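Okay, here we've got a single chain as structure tokens, the form predicted on its own, with questions on binding and movement later.
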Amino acid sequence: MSEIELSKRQEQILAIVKDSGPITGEQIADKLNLSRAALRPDLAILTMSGLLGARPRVGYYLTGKTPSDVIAGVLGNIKVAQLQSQPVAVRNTCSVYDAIVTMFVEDVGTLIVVSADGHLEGVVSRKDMLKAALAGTNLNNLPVNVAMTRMPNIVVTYPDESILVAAQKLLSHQIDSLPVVNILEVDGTEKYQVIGRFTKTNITRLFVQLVGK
């Protein structure tokens, strides 16, 4: 929940509880000249959001949480696996030319580069592609693994990580997407199996859904 979601009536309820709480639903309804039934949906929203608490035979009270606290709580409880998109990946043997075509067909800013068995090898961005093109090399003969950023210099996220942590990674590293990976041990070596991608678009879509509720 965010401030955008609060209606004028809900803001009035919070103000009443702040001044007079703990206060019963009937008393809040009297102050707003409304029936208890008319007020019930707003009280339910404010209670479920965590902005109001309620005690039997006592009434409603402010929890002390701000809308920002509630947002952080919501984001902290949602896992990357619930929001991730399908990975857009190319093989490490793919040419830069074919990678550019894939990037434009899929309309993404970054491609995940994987080995034949689906393990993360690197990521390649539009900026990387541009650098390769400006170098004047034949892009059909240039493998994408020459232009990509390699492990271990790649920021990843995990399916059970909170989207709040994943979003902080996007911001702090100034990148548009993260490979979502599972950690595997192959012949004594740690490998990352790519199972998805987490992007700024995923976060934007979530906020639109939350505000629309």
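The model shown is predicted, which means the values in this text are computed figures rather than measured ones. Residue positions are given as counts along the sequence shown, with the first one as 1.
If you look for the form predicted in complex with adenosine-5'-diphosphate, you will not find it shown, but the lines that follow are about it.
A.B. asks: Quick check on this chain: which one of Ser172, Asn153, Asn33, Thr66 has a heavy atom within 4.5 Å of adenosine-5'-diphosphate in the model of the complex?
C.D. replies: Only one listed residue qualifies here, and that residue is Asn153.
A.B. asks: Just to confirm, with a 4.5 Å cut-off on non-hydrogen atoms, which of Thr149, Ser162, Asn182, Thr47 contacts adenosine-5'-diphosphate in the model of the complex?
C.D. replies: Going through each option in turn, the one that passes is Thr149.
A.B. asks: Is the gap between Cys94 and adenosine-5'-diphosphate in the model of the complex 4.5 Å or less for some heavy atom pair?
C.D. replies: Although adenosine-5'-diphosphate is absent here, Cys94 would stay clear of it in the model of the complex, with no heavy atoms inside 4.5 Å.
A.B. asks: Spell out, yes or no, whether the shortest heavy atom distance between Glu121 and adenosine-5'-diphosphate in the model of the complex is within 4.5 Å.
C.D. replies: No, Glu121 sits far enough from adenosine-5'-diphosphate in the model of the complex that none of its heavy atoms falls within 4.5 Å.
A.B. asks: Would you please decide whether Lys79 lies within 4.5 angstroms of adenosine-5'-diphosphate in the model of the complex, comparing each non-hydrogen atom pair?
C.D. replies: So Lys79 does not count as contacting adenosine-5'-diphosphate.
A.B. asks: Residue-level question: is Leu178 within 4.5 Å of adenosine-5'-diphosphate in the model of the complex, judged on heavy atoms?
C.D. replies: Yes, Leu178 lies within 4.5 Å of adenosine-5'-diphosphate in the model of the complex.
A.B. asks: Report the stretch among 79-87, 94-102, 124-132, 138-146 that approaches adenosine-5'-diphosphate in the model of the complex to within 4.5 Å, counting heavy atoms only.
C.D. replies: Answer to the contact question: 124-132.
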